[in-house]
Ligand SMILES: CC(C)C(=O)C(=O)O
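A single chain comes next, written as structure tokens; it is the form predicted on its own.
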């Protein structure tokens, strides 16, 4: 079997929705929706090894911690593991007062009764009942007509109404899903929902939740938004219904469909952290929430320590969050490209000089620190990286702010190492090559033992020092207009090392009083070679001396 040259003989395009006056394209998301996590139900049923009680409890605690107020905790009629876990939450009083737990059931009497029994004694809960309504399921799976399918929904609603009366101590909410909504006729989905509402009699003060799932994502997200807007516009007693979205990711646009569905009038989003779910997964709640956050809208969920969230999710699901997953992936804030690294480095420098908190850094739509990520991981180095990347890593790892021309000089050393190793360079690799390139490690031909400076009667400066030369101590001195020129004179007169200083820079390596100083000196030798020296010391003047000795070692 191969792909067809003409796929139209096998597949048909999804029909457009007749909605000539659609409003959703002009709308924006201005507030957080109601969120429902279905990690413990829809996500769990998609796992190779479904979670046991310990993992489900750990996941439940995580969902509460990040701020989820509605959590689908399982399918109690599926088996003892599910049922016992839910009973454990209730009997162990583990459900916070402000959290609504939800259970799922098919529209069948014994399953509905088991679902209510699993929640007996809970202070408040949602029972979620569903039946599939689309033509494919009606004709192929069930062999039923519209009236029979609507009858399943009506019968389930009556059973739920009776069960609610049997457990008056609990404040009950009902969710109904015309499953396979996205591939069903809109008028029939509305017909089924209206029938359920007539039986349960919701009010604006106590609405029903109507979940409109893209059980299988079969069209572009704009068509799903059209479906949601049409449904909202044509549902009788719309004020008594909370419209909920449950998008799947078969076409890779589950997040987009949820966002457009909110713009189209929905009130609630169902999904999983990092999009786990059957086939290609559910809508990723983290992505939708953080997309809102980057637009200045609080999602009312807290992912301040996203790495801890990922650690728990990966442990419970036994599935890795991909490196490129939005917001959470290990590499999503990382640049290897040289031009990208340079833009990011300049963006951070500009950010530090701003007088407001507005975020504006190239290639970074969000401040990684908001998610608990360190800036060290923003720029990483391999053979594709440029001088800005190497300089960033050195600055973040060692506190050294290399002058621009020195960045170009240093990049050649790092590029050579990257080409030799053929892998990503770690901060330790870059620091090793830096120390070697600028002769920071002992022993070198010249190294500083001690020094002093004096001002002569004619205003010149006199440098007097003890320099280790090839392992032997030697006293030397030199005179100049300033410290730098007096050291240059000393190197020339004492050792015959001639240096023409082209540029000099220095900075503190920290903000406290104990911070070291770094000095950089660019020199030209008589034969035209450009060399750089680096000095680091608690004293800035001593750092300057060390920088010139570093350059002398390079020249020698």
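Positions refer to the first chain, counted from 1. Predicted model only: the values in this text are computed from it and were never measured.
Not on display, but discussed next: the form predicted together with the ligand.
Proximity to the ligand in the model of the complex, defined as a heavy atom within 4.5 Å, singles out one entry of 407, 215, 189, 249, which is 215.
With the partner omitted here, the residue from 133, 157, 122, 104 that has a non-hydrogen atom within 4.5 angstroms of the ligand in the model of the complex is 104. The closest non-hydrogen atom of residue 226 lies beyond 4.5 Å of the ligand in the model of the complex. Although the partner is absent here, residue 177 sits close enough that one of its heavy atoms falls within 4.5 Å of the ligand in the model of the complex. Proximity of residue 41 to the ligand in the model of the complex falls within the 4.5 Å heavy atom cutoff. A residue is said to contact a partner when one of its heavy atoms sits within 4.5 Å of a partner heavy atom; residue 211 meets this definition for the ligand in the model of the complex. Heavy atoms within 4.5 Å of the ligand in the model of the complex map, among the stretches 389-397, 361-369, 122-130, 480-488, onto 122-130 alone.
With contact defined as any non-hydrogen atom lying within 4.5 angstroms of the ligand in the model of the complex, the stretch 106-126 contains no contacting residue.
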